[in-house]
Structure formats: structure tokens, C-alpha cells
Ligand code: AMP
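Below you'll find only one chain, the form predicted alone, shown as C-alpha cells.
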Amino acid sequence: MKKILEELGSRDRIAICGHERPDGDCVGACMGMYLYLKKMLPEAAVDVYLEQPADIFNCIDQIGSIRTAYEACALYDVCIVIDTNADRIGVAGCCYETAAKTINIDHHISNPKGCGTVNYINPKASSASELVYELLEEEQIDEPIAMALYIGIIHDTGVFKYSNTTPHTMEIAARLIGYGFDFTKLIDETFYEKSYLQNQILGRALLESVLFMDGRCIVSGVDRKTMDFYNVEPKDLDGISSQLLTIRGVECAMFLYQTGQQEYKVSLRSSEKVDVAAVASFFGGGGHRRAAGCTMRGTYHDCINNLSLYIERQLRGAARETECV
């Protein structure tokens, strides 16, 4: 794919959108692209659509410009879909459906071909923010753009801890921090710090977690009643599945929270032996090999049983491979 300005040409109205329940990478990548296009195309109408991001991302320049609702009269020449495919576009699915041209930028293995008329898909990239960086003219990046993209990269790499971190990722991160923002403060405030209520619900999830499959798998969940009791929303539950995975001996972690009557949002994390993207794909979801998710219908225990079937198959296969070695 060409650099983004070459690909856009003389387009006058541009929409940028990401996936529902946007995480740090989605917010960082979309805002990085937005800030860049606003700078480089001052005469163009550029809008970014996302569900309301978590407050921790308020440090991103012009975060208040995000549109959280789509107006039916808004028509665009180009719709740039970032960090997702068409099935998971959040508040602005109509932008994608009505735009004259669509550009899809994604790194999810579950979106191998892309959903745009032009696609930039690389499952080996650490994050969508890394891909956005590669589409910008480096000499035109400034501190606010660099900071937004850096936030996206640290969130999708677990501050460079996850296996999706590559030497190329580190090279890009090094260039980004060269723009002068306080990257240590940024990591603390957007990745590690939690509110009192977030820590309370995390503690509740850990307290009520259950180990099974001889300690190789762990599961926890919260229902709507519990979320209402602690006054938390889905964005306050980020990081719980990753924390479950830190328990010694656990190969796969499942975290579920209720979104409706017998409906649950599932977050899956794996250390190595389980491809959770493959597991999630059986239930209409997707993601990465070690981090994926899906939405499931049924009782809490039905969801766990159905997920466990596919997880156990992979763990058994990994055990047989070890025995052969």
C-alpha cells in the first residue's frame, strides 16, 4: 500500500473508525491517524468515530474530537477502518457502507484479506498503531501524533512484554519517544494505574476465579448485577484476563462478563500452548494467537464448557508433541 496521503489523493471528506469497545491500540491508532490528517489536510473534513474511550486516554491531543454517534446525513469520500474488519466497526458502520472508497488497516490474524477496497493487513505487526506509523511520512510526525501511536503500541504489546513485540516494533518505539513526551509517565498512567473501583472488581474476579484442567486453565466472570454493585462498565474490566494469566502454571485464562440476558463477552489470553484466536473463531470472534475474544450466548457455565472443549484439545495436542520430543 502507498503512503496514506498518496492513497487518499484529493478526497475532501474522510472518516476514521475503529472497533466496538476500543482498546488502547484502537484509540491510539485512530487518533494518530486523525491528528496526522488534520495536520496534513487542513482543508479536508476529517472525522473520527469511536465509542467513548476510557478516561486514561484523555492525555491524547484532541481526544474530545471523537464522535460517539453517527449522523445519517454524514457522507464520506473515504472511510478508513483501523484495527478491525467490517463486522466489528463500532458506532460508525454506516460510514463504511456509504463511503466511495474504503481503506482497511489491521493486524488481526482473523482478518487476513481485509474488508476495504484498499487493504494494509499484516498479522505479524505488533499493533494497528505500528501499521499506521508505517503509512505516515515520518518527517511530518509531531509529538502529539507520536504520543498517540506510542500509547497504541504499549497497550497491544503489554509494554513490550508480549510475543508480538519484534525488533521492528522496538525501533519504531525508539523513534516515537524521540519526540520528547514523558513516556514513563504515559506508561504508568495509561497502562498500570487503576481506579479504586477497577481494583475492587479485579480483586473480586481473582477471588472468585477457578483453576481447572490440572491448573493449566483458569476462569472468572462477573454478571451484570455485580457490575452494577461496583458501578463499573466494560471499559473498567480491561486487564483482568491478562492478570489471571500471570498465575503460575496457567496456560490459558478466560474472563467473561455479562452483556445481556444469557449473553457474555469473553476475553481469552494464552501464554504459549493455546491459540486463543482459533478458539474464539469457533464462536464468531477472533484476535491474536495469545489474545482474542468473542461474544457467546447461553448460561455462564454453558459458555465455559463450550470454550473448554476447544482449549483442552489444544492442550492435549501440545502435551503429545512434548512427549514425542
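One-based numbering along the sequence shown. In this text, all values refer to a predicted model and were calculated from it rather than measured experimentally.
The discussion below concerns the form predicted in complex with this ligand, not included here.
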Heavy atom of each of 19, 286 and 292 within 4.5 Å of this ligand in the predicted bound form: yes
Name the stretch: of 278 to 286, 53 to 61, 27 to 35, 40 to 48, exactly one has residues whose heavy atoms fall within 4.5 Å of this ligand in the predicted bound form. 278 to 286
Please check if residue 67 has a heavy atom lying within 4.5 Å of any heavy atom of this ligand in the predicted bound form. no
Could you tell me if residue 108 has a non-hydrogen atom within 4.5 Å of this ligand in the predicted bound form? yes
Proximity of residue 267 to this ligand in the predicted bound form, heavy atoms at 4.5 Å: yes
Flag residue 155 as yes or no: does it have a non-hydrogen atom within 4.5 angstroms of any non-hydrogen atom of this ligand in the predicted bound form? no
